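A lone chain, given as structure tokens: the form predicted on its own.
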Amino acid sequence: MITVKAPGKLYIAGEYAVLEPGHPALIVALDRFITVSLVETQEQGSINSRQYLETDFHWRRNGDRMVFDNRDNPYHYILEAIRIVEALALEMGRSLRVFDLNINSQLEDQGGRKYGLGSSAAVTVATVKALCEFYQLPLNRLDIFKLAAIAHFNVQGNGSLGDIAASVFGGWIAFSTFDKDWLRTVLKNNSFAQIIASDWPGLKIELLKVPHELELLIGWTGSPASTSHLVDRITIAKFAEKQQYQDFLNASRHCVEAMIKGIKEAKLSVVKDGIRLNRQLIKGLGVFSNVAIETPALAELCQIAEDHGGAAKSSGAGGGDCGIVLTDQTVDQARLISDWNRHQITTLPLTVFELTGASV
């Protein structure tokens, strides 16, 4: 039996701007995992997951047709990951076989509600890793990222794929996305072996060593959100409010680049100030896009953290899910958490997941 795992993630800064090449984000991998176990079988295989039995299907009306949205359905990411890896396996002369996949996720609560930790990315990465081991494909971590990114992008159609990078490399990373139009073009005309051997225009993944004084607290509002749907709405604003969107991109890039420099130079005040500035930039994006990125619950989470000296903001696409707080020795975390509890904000007991020997 083959067993692999991939961690969940949270965005620290740079959300939405990271959708555009050349605009970095800070992302962290966390010690909650999706585990995939693979067993070879004869004649008939299966895909099993206790957590995904109650997965919702979303659909809309297009004239007289029902059009289904597969982007929140984990099985579509799993099936696409299988398709991509097996296509590469055939290119490399492997014979395809039959197997059972068993999936176990720690990225939801006991009722099946997502925490917003990147479950679709983690299940894609774990599936790719398991199948590459099964077919004995000699791939490095960057190759795994590229295969998982292709599979995830084929299903979701938007997103930066930074969550894929966090699940593959672990730890704290600075990430800039690649040119999606380039990927669409090469997928039509090239083998998967050629594509993963290529340099991807715009792609940057840098592992960061964060000062040990800087600590991360994560609060969960209890309200799951759909990243795909929120990104769709921001994309509309991108074309409707071109100048404001460009101003947002430029400001976000300068902010996150300053934070990365602050991390490298161990200047905690610079990093915390960057969190606060990035929060305001994203709130401004929500205003001119008419998208509720920072919900009232997230605003309350942030205000409580700021009252205790932490630097706080929503994480990821917003609209619910998690907020993050950067603290240091000046912050009384116990009192902060106690105040969160009084306002029905759940503290997630998560720590950063580092991969030994990880490199890009």
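In this text, residue numbers run from 1 along the sequence as written. In this text, all values refer to a predicted model and were calculated from it rather than measured experimentally.
In what follows, reference is made to the form predicted in complex with a small molecule, a form of this protein that is not presented.
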Point to revise | Residue (of I218, V231, V210, L183) lying close to the small molecule in the model of the complex, criterion heavy atoms within 4.5 Å | key: V231
Study note, to complete from the structure: Contact with the small molecule in the model of the complex, heavy atom within 4.5 Å, among P74, G286, G170, G159 goes to G159
Study note, to complete from the structure: Within 4.5 Å of the small molecule in the model of the complex, heavy atom basis, the matching stretch of 210-218, 159-167, 256-264, 79-87 is 159-167
Review point. Is T227 close enough to touch the small molecule in the model of the complex, meaning at least one heavy atom pair within 4.5 Å?
Key: yes
Exercise for review: Examine G274 and determine whether its closest non-hydrogen atom to the small molecule in the model of the complex is within 4.5 angstroms.
Suggested key: no
Check your understanding: Is there a non-hydrogen atom of L19 within 4.5 angstroms of a non-hydrogen atom of the small molecule in the model of the complex?
Key -> yes
**Study point:** Partner contact for A317 in the model of the complex: the small molecule, 4.5 angstroms, heavy atom
**Key:** yes
